[in-house]
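Presented as structure tokens, the chain that follows is alone, the form predicted alone.
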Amino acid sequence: MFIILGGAHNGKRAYVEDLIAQLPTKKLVKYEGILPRIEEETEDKRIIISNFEQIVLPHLHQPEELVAQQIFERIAETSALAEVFCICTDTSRGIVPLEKEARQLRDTCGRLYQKLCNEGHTVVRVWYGIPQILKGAHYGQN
């Protein structure tokens, strides 16, 4: 699982597109704000999952850790069948929101990103278009 982190509009998507262009061809499926269903044909595909805030938002009435764990488990199941790229928008570098719901969204995404980074084989932070490998190796490196 590839985890790509960074602020909004910092070049995460462009980095993933460039990286995928270097990889052997597979069918590419993008999930924006939704999770893939395991029942769908996911085998031998390359999957991009992004907009985790939209994925988390409907579950804010539940405990943060539970929501993060459930979403993580779905992504891990998908990762066992397909090559998964998670594009995660880091909202932890800024002012803590005053509204309870906004704080909970930020915190739940943070908990989810911790789980993804822990399990991902490659973690890259993209800041202002510059990738920084935090874990694993860039494609083509040993």
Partner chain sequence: MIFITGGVRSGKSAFAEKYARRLGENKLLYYVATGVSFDDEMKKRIVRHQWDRQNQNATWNTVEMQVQIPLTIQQLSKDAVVLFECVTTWLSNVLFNYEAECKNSEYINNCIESLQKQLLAWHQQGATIVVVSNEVLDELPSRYNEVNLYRKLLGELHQWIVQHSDEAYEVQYQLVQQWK
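Here the structure is a predicted model, which is why all the values come from computation and not from measurement. Residue numbers count along the first chain shown, from 1.
In what follows, reference is made to the form predicted in complex with its partner chain, a form of this protein that is not presented.
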So, a 4.5 angstroms cut-off on heavy atom distances: do all three of 62, 70 and 81 pass it with respect to its partner chain in the predicted complex? no
Could you check which residue among 45, 74, 106, 115 gets a heavy atom within 4.5 Å of its partner chain in the predicted complex? 106
Give a yes or no for residue 122: in the predicted complex, does one of its heavy atoms lie within 4.5 Å of a heavy atom belonging to its partner chain? no
Looking at the partner-bound form in the predicted complex, is residue 33 within 4.5 Å of its partner chain by any heavy atom? no
Close approach of residue 97 to its partner chain in the predicted complex, 4.5 Å, heavy atom: yes
May I ask you to state whether residue 132 is within 4.5 Å of its partner chain in the predicted complex, using heavy atom distances? yes
